[in-house]
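Okay, so we've got a single protein chain in two different forms coming up as structure tokens, structure 1 first and structure 2 after it.
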Structure 1
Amino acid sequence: MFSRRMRLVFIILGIVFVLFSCAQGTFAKTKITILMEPSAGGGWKELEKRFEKANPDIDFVIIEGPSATNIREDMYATSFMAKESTYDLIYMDLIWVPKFAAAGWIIPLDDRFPPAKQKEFLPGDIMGSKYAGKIYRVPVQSDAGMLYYRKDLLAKGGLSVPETWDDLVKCSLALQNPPNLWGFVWQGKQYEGLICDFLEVVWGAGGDLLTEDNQVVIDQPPAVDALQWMVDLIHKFKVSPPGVTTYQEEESRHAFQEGKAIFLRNWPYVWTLSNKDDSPIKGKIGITPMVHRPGPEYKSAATQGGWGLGISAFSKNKEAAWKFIEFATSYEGQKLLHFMDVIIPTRHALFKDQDILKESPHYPDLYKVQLGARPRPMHPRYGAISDALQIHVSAALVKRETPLQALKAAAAEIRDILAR
């Protein structure tokens, strides 16, 4: 028979063993980290909770970074240049993909994310996830530029929704009453948003910035004609206010939402804000693909935006990171993020989801826009290319340069950038 002292010793040893086992279980968890902007709706936090419940052996940690996209990009780059494993997952803007992939900072995902699975996602999002023939990102949040219009004003004037440049100008001239009501507002300030707008018009004229083999063609007639049309919107047709050359997304949205414009080029987020209870244009707007050059050979195009998940080349837990990517980009994961964080999904099937359609009846129209979306040039030096183009497109809009002069100068600078 054990003495009381011996029984007490065994009890204590048992407690120590249980505590040690629990501690070992905690320490045995695989930790994966990601840097993101704060989630206003709490969708990513909820996704974290559900993922960890489904994968109790993985500790998923969200590091909340600043809202400014460029600062988070710099934070990632600083860590990668030092070959640190600080971040296992990268939440990437699609224009980061070529830069990060060319530097060897992210791994290709072709073996995990083959073409058969890629077909479940929007084509523009997949194009924006590739570099040099390999895929580096699984899209989780989409975005694309589109044309908003006032349904009530077009109906009152007996006018159809515009499809071409000429249609938009005709409708604007028939309905506008400046300065109280302008025809068309867009993003004309010298910044990246201007290039998004400009490329949509260039693509709609059958032109491009770079060819697939990186030949510069932005100084060719289709692009020159596109820029001339944008200049004419302000100075010849006078359907866009002179101040549009200072507008970014929010300035143009406010003009439209306050009832001071008939048409607006902007991103999907405008729909939600313009249909709030306090919006003067609630229930009065529609969306359609951006207008294109007249002629059956031309078609609308949208600048693809959006975010996706990739894996750091320096991560020590790549398989756990991939598990989270599969979870977050699944049908259920994206549906959760749509409802909690109001994001545009990247899976075809979610645009037909009945729960989403009840809340977002504009999704069939949005889907048409998304199917025509395409990324900006997937080049590691896209940032420098865009900077050069911004300067000269802006100069043309304020008539410091002609469209031909502007694009010839921009093309020369871009060729120099590519040759370095």
Structure 2
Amino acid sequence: MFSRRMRLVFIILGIVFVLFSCAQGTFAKTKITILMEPSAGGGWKELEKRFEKANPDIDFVIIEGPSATNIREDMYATSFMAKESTYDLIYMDLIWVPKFAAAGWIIPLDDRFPPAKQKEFLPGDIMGSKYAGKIYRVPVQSDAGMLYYRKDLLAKGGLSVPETWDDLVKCSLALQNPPNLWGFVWQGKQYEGLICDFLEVVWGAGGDLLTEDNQVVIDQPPAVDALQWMVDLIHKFKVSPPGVTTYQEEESRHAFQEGKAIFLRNWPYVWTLSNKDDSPIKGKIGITPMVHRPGPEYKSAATQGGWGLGISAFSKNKEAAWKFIEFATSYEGQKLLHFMDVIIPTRHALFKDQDILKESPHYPDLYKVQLGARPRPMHPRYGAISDALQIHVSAALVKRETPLQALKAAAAEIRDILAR
């Protein structure tokens, strides 16, 4: 064993270490970092405060990124490719999951988040958290596309809530007064949101992007007709402003909320914001499923969206990261985020929460829309597929390509991507 002198040396070294740590203030905290969207109402900051209070040994750091979701995806991917541990926690759109999981950049959470716990969450959000049979994300925020309308304006015109493409155009033409009041605003910019809107119209015409066995069908007549209708909204019927091709979610919400549009396609968060006390359209809006092609064989469709938390494979603090995930995705965590940042919860139970129902009486209807929402293709190369589609759908919207040319070109590129 050690000699007496050696023991003395160890004891002295120990004392020096303790004194040094104390001199630094405290023992070093475990730091965990996340890249997030810009804060909507300070909910995540509040969560940070509460989490750190409950876990004084953890320092939770939020880095606020840009609002364009694909840029945040690139920021995460760049750091993963360099195998950096910059981000411990990954706040992920469901469409990123296959890519990040297939690359081995995020870790499976099956041990920590087993099927019995998964059952407490909406099925679409769980499906969007899985890749190759494993689960990589705990859902925080659910999303599904829907149509908002001005109840007061429809009532004044004696018009009923539109169900089909034609209904929406007819109501718009009857009520609009551009440029002060447009018929229909949506997300027409070249980015992921455009694909969410486009797919809802394609599905509503009986078409699709890929079949179940990954055949590309986006150049087939239902999709071409769907894109033609979207082009016509701007250029033929003139019920959507030409500027709609620069709109993301927020630009279209502002137009609607300021009273400048009768209809809006957007995610559920708009309902709460448009009903705030300072909103000029408070109490004047309704929600309904997105319109579909006329005909008994066609049905409305909603794109499934949503966000959740995963853990980086390069994180050195995976246990602390998991603690935060449990905290944020708990009943109380999601309730706080709902009230402060208008997130739509992913836990079934929160759709029956009395405080939420009091503030959001439309939640039973929203719950049904959420349960019926459809996923975008769950493919590791979905990002590239979507990019190709975005470019050509955009070109059609500004009339640089016809809908048929656009979708033939997109389909050819997507076939190449799938063959790689």
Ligand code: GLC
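Owing to the predicted nature of the structure, the values given are computational and were not obtained by experimental measurement. When a residue number appears, read it as a position in the sequence of structure 1, where counting begins at 1.
Only structure 2 of the pair represents the form predicted in complex with this ligand.
Two rigid parts rotate between structures 1 and 2; their hinge, judged among L264, A328, F351, D143, coincides with D143.
The two rigid parts differ in orientation between structures 1 and 2, with the smaller turned by 25° against the larger.
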